[in-house]
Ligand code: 0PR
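So this first bit is one chain, no partners, the form predicted on its own, shown in structure tokens.
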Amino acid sequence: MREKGCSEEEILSLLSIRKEKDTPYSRILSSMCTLPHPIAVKAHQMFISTNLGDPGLFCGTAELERMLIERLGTLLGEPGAGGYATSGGTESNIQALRIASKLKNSKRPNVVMPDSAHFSFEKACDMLGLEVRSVPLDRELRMDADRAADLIDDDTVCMVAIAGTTEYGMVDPIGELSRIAAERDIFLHVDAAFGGLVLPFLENAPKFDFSLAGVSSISLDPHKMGMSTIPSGCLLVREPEVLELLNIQTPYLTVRQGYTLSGTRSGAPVAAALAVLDHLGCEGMRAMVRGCMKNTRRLIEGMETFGFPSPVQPDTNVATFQCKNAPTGWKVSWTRQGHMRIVCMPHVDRSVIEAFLKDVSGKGPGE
């Protein structure tokens, strides 16, 4: 650290130089995050100094968090759902498994989850001492419900399902998994970090939310398809009282107990997330999601025309291809099975899709 500080001009120059090294979103095709909506930026700046870790000092911001949870709970089929704003899917998934573990005390607890589960569950199970029981996927890369049922035993504390898998954009058979969970009295957590703000705005989308009786908790991330600022996640639970299982004493704050994983929590992303949802409304969200899905279909059509088939038809705006290399300058990713992966986020508009396809057109199959 310097003995004497720099001028504002020097600092901003330093930051600008480093920022120029970042890949612009117009060339990023692999991210489940996107440019925040302009109203999210304004809301974030307005609440930049708030701390939800001490809600009695920031009562208005705490009200916004409650409003956000109510909005999302209603969207997901349970207006009375409990929950709070997290830093993202990883924290939400950890907290869901903590709740499930406390609800069913076992000396050898295990969690049944699909092979497609996000890597955050590996972290969560390692932290909580939970055995992972991985369920194979079917031909459409969804969790095999029958195989999941076979892996459940008296020590199973939770079953995990995915609504919008990170690699292929698929939705597990959550209706069937919900029935199994209800029959076996198993806590069912749905990781909808990506699909949670896609599926409610699609026609004929598969059910995944609290409208299914066996679903106990849901994670979703407004900083993905909700176009909020980073970091912005949410954990919702059907029964608000289960959050109390996570309570610890917080004697020197304005509240005496707290169930959140993080202590200090910025209210800025909460305000940003609520601002986008209220500004766009269901009508605006439907239009945005419809555009992303249309671009996804156009990308798949174009890639297959050039000889790069898609292994599955995705439920959400994630497209994958049998293609080994990306054109120079484009940032894509590859799944564990070696498929090229592209996420058609709001910043990946039709002009971006067409530019990418133009660059792909010079390649042959398998190149």
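Numbering starts at 1 and runs along the sequence shown. Quick caveat, the model's predicted, so the values are computed rather than measured.
As for the form predicted in complex with the named molecule, it is not shown, yet the points below apply to it.
- Taking a 4.5 Å heavy atom cutoff to the named molecule in the predicted complex, the contact residue among 226, 89, 214, 169 is 89.
- Just one of 193, 111, 237, 148 comes within 4.5 Å of the named molecule in the predicted complex, counting any heavy atom, and that one is 193.
- Remark: residue 119 counts among the residues lining the named molecule in the predicted complex, judged by a heavy atom distance of 4.5 Å or less.
- In the predicted complex, the named molecule lies farther than 4.5 Å from every heavy atom of residue 37.
- Mapping the unseen interface onto this chain, residue 164 counts among the residues with a heavy atom inside 4.5 Å of the named molecule in the predicted complex.
- For the chain shown alone, residue 33 is a contact residue for the named molecule in the predicted complex, at least one non-hydrogen atom being within 4.5 angstroms.
- For the three marked residues, 98, 209 and 260, no heavy atom of any sits within 4.5 Å of the named molecule in the predicted complex.
- Judged by heavy atoms within 4.5 Å of the named molecule in the predicted complex, the contact stretch among the candidates 134 to 142, 215 to 223, 264 to 272, 243 to 251 is 215 to 223.
- Shown without its partner, the chain has no residue in segment 280 to 296 with a non-hydrogen atom within 4.5 angstroms of the named molecule in the predicted complex.
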